[in-house]
Ligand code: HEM
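Just one chain follows, in the form predicted on its own, and it is written as structure tokens.
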């Protein structure tokens, strides 16, 4: 009886360990091999190189612009998810959703302004980050590919800002998107088709709002997350952060 009770207690005690081992399967090697397996499979231990140059830690060189841009992206993701609970992508309800956020939802105006100003700041800091990389010649070998990824991230940041501009559905947003999409028509040969594809029609309406909403909350963020992962991976593979060539 006692033996059975002891076995049951031990089983309950080892249940979390058994569940973890069933999800993360390791074993069959020595203790050193087990430790190596943990290190090799840990994302956070591979986020930065084993060794970094002292100059890469100087705030006056990098200015922390890349990390600031990443932190702003995290703020935008969190605040954007919270805003999705209150926003209705309809031309009849979108503007009322903004009014509800300002006057009916607790701390709604803080949440909306946090998302808005973080978006403006991210455009500025990503641009400054690109300028810093170019000014310090950090785009040269072996970082040419990561420079291209950075340019794509800058364009994605601008596209995210542009698609989010229409969502409040006020006069400023309506005419800004109208002018912006009219500029697209000047693209040679395919300008009119591009504008029609962006708006889902010939004018800014419900189809345009729905397309901009889907691009803003789903398509462009997924592409952004994938490229940010590649960007960090290339920093790791290219020997860490760039540094002055003469130091």
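Since this is a predicted model, take the numbers as computed values, not measurements. Positions refer to the first chain, counted from 1.
From this point on, the text means the form predicted together with this ligand, which you will not see here.
Only one of these stretches, 108-116, 151-159, 87-95, 169-177, has heavy atoms within 4.5 Å of this ligand in the model of the complex; which one is it? Single hit among the candidates: 151-159.
Quick one: from 54, 214, 222, 67, grab the residue that has a heavy atom within 4.5 Å of this ligand in the model of the complex. Only one option qualifies, and that one is 67.
Closest heavy atom of residue 232 to this ligand in the model of the complex, within 4.5 Å or not? Residue 232 belongs to the contact set for this ligand.
Taking this ligand as it sits in the model of the complex, is residue 130 in contact with it (heavy atom to heavy atom, 4.5 Å or less)? The answer is yes: residue 130 has a heavy atom within 4.5 Å of this ligand.
In the model of the complex, residue 147 touching this ligand (heavy atom, 4.5 Å): Output for residue 147 is yes: heavy atoms within 4.5 Å of this ligand.
Give a yes/no on whether residue 163 approaches this ligand to within 4.5 Å in the model of the complex, heavy atoms considered. Output for residue 163 is no: heavy atoms all beyond 4.5 Å of this ligand.
What are the residues of 110-129, in order along the chain, with a heavy atom within 4.5 Å of this ligand in the model of the complex? 122, 126, 129, in sequence order.
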